[in-house]
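First, one chain by itself in structure tokens, the form predicted alone.
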């Protein structure tokens, strides 16, 4: 019998994290060389769908899943969307090379790959907008009040400029640029960090609205640079400015700041945290030369980064 496969990439937020929850713009880009994978293998077993997730050390049947099980939720939502009253008799195996809990969109990528493979199985090539809408509902489990940016960039596999409750804008990239992603080794507690910012905003609305405004201004300026292929050095400067705002919001950490500083000292044009903060990943903009990439990569590794990913942002639609 035919085995069906689908994948989805990781993602990083380039500009505007946290402020995006408050309707300011953000830019996110896919990280194409780390991916989640879903494989669906039909069986003659009549007991329905078996879910195998080796990375999570889980092996169970859909019928046994708890109501708040994220894998079960995307399966059931997708089946309902495809007008399927019962799951296929099959084994669904889910795996991922995207580090979990590091702000790289692992949850959105896993959900997207599952929805995609179910679409393949039933002869439907789900459009990115359809996938994004399905995955957004699951993102609520992970993040409480998700911005929608993870499901958007992962489903479209293109850089996006995103403002909540406004149409998604896919971004052209006039001149590709290179990012080095450094992992602090600490899980980034998205739900807690988002909740913390909300509490601080409620306590000091004027101050935090200023932070959000500044982050939004930076994201808008960055969009112009990226779409026009202008100064890569200026783009790096904007990353540094965004990091300063995130530090004021209280979502940075000593581990993040250490890696950010080391990357800058090694020649990065700019560096900042990416995602919720309090751990997870930082990103550094580097010149697209092997020597420059190697210098920043080695500096991060020597300073305690538990993993380093190099990715090029090129604006091409990849699925």
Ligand code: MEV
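Only a predicted model underlies this, so the values are computations on that prediction, with no experimental measurement involved. Residue numbers count along the first chain shown, from 1.
What follows is about the form predicted together with ligand MEV, which we do not show.
- Although the partner is absent here, residue 14 lies well away from ligand MEV in the predicted complex, with no heavy atom inside 4.5 Å.
- The closest non-hydrogen atom of residue 256 lies beyond 4.5 Å of ligand MEV in the predicted complex.
- None of the heavy atoms of residue 152 is located within 4.5 Å of ligand MEV in the predicted complex.
- Looking at residue 299, you'd find every heavy atom of it more than 4.5 angstroms from ligand MEV in the predicted complex.
- Judged by heavy atoms within 4.5 Å of ligand MEV in the predicted complex, the contact stretch among the candidates 271-279, 284-292, 58-66, 256-264 is 271-279.
- For the residues 184, 147, 243, 158, the 4.5 Å heavy atom test against ligand MEV in the predicted complex is passed only by 147.
- Among 168, 194, 79, 220, the residue placing a heavy atom within 4.5 Å of ligand MEV in the predicted complex is 194.
- Counting a residue when any of its non-hydrogen atoms is within 4.5 Å of ligand MEV in the predicted complex, the hits in 18-47 run 18, 20, 21.
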